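As structure tokens, one chain now follows by itself in the form predicted on its own.
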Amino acid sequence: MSGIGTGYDLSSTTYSPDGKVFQTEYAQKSVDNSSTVLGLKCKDGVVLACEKLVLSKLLVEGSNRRIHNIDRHVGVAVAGLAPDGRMIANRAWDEAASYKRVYGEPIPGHVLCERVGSYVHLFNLYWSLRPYGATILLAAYDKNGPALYAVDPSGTSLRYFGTAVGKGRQAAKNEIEKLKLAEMTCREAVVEAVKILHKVHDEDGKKFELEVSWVCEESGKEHQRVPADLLADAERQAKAALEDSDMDD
């Protein structure tokens, strides 16, 4: 009975006899069922890419953003519940501003990741709160170079060379593992990221749009959206590669 959460899933402060915290696992489910988000750390920076389903023809293109600026050198991409992700991004912005005000320099990526992880974990400790149903991928370019981090609903914070979260995470990770990220530039990684998102998209017939950003040497080590012409070219290459793959099948 304990394995299905009976009576043990009413609070994030209650462990099941199996040692599980079901509220935290439910929050993770909301991330696992969301649109795919991926991050790639390259030799000259980091690329973040999100798949966003277009839920209505009346929706203005580019609305419901899932990539947020935190500081000039830091950006985050959100998977899961977008409002929850926005709250985490706001907290990250506050932490970055506080660090700069106190120490007079931009916050290092690993410090920001640890602080955000501690904040998210706080929502797993009290019965009056619910865990955030979002995972963030954090891209930073500080004095130690480029870095990619992830913070999940439990507050666990990890550093990656490349990772993916959301519905198509496993297929995306399989594709990422084939890439030689240490030899790849961010301009090349943008094309690969778009190809991966097109390949793992499994909502047949549903229109979707991509949101892609980078923080790299080409962007002046500042977190920015990828130029529109580069994104359009990457989408053309991705669709062409997908058509070639269908023909080969």
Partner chain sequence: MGQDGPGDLTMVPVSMGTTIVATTFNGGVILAADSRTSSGAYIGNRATDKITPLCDNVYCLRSGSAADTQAIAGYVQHFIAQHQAEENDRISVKTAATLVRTLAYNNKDNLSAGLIVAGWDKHGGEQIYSINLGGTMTQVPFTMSGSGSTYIYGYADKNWRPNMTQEEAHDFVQRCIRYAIAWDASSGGCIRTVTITKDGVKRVFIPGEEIPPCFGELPREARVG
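What you see is a predicted model; the values in this text were computed from it and never measured. Residue numbers count along the first chain shown, from 1.
In what follows, reference is made to the form predicted together with its partner chain, a form of this protein that is not presented.
Colleague: Can you work out which of S98, N144, N174, T156 has a heavy atom no more than 4.5 Å from its partner chain in the predicted bound form?
Modeller: Selected residue: N144.
Colleague: Could you work out which of V111, L81, L179, M87 is the residue within 4.5 angstroms of its partner chain in the predicted bound form, going by heavy atoms?
Modeller: The option sitting close enough to the partner is V111.
Colleague: Would R115 count as touching its partner chain in the predicted bound form under a 4.5 Å heavy atom rule?
Modeller: Within the cut-off, so yes.
Colleague: I'd like to know whether V102 contacts its partner chain in the predicted bound form, with contact meaning heavy atoms within 4.5 angstroms.
Modeller: Taking the distances in the predicted bound form, the answer for V102 is yes, it comes within 4.5 Å of its partner chain.
Colleague: Which of 126-134, 157-165, 103-111, 67-75 has heavy atoms within 4.5 Å of its partner chain in the predicted bound form?
Modeller: Of the options given, it is 103-111.
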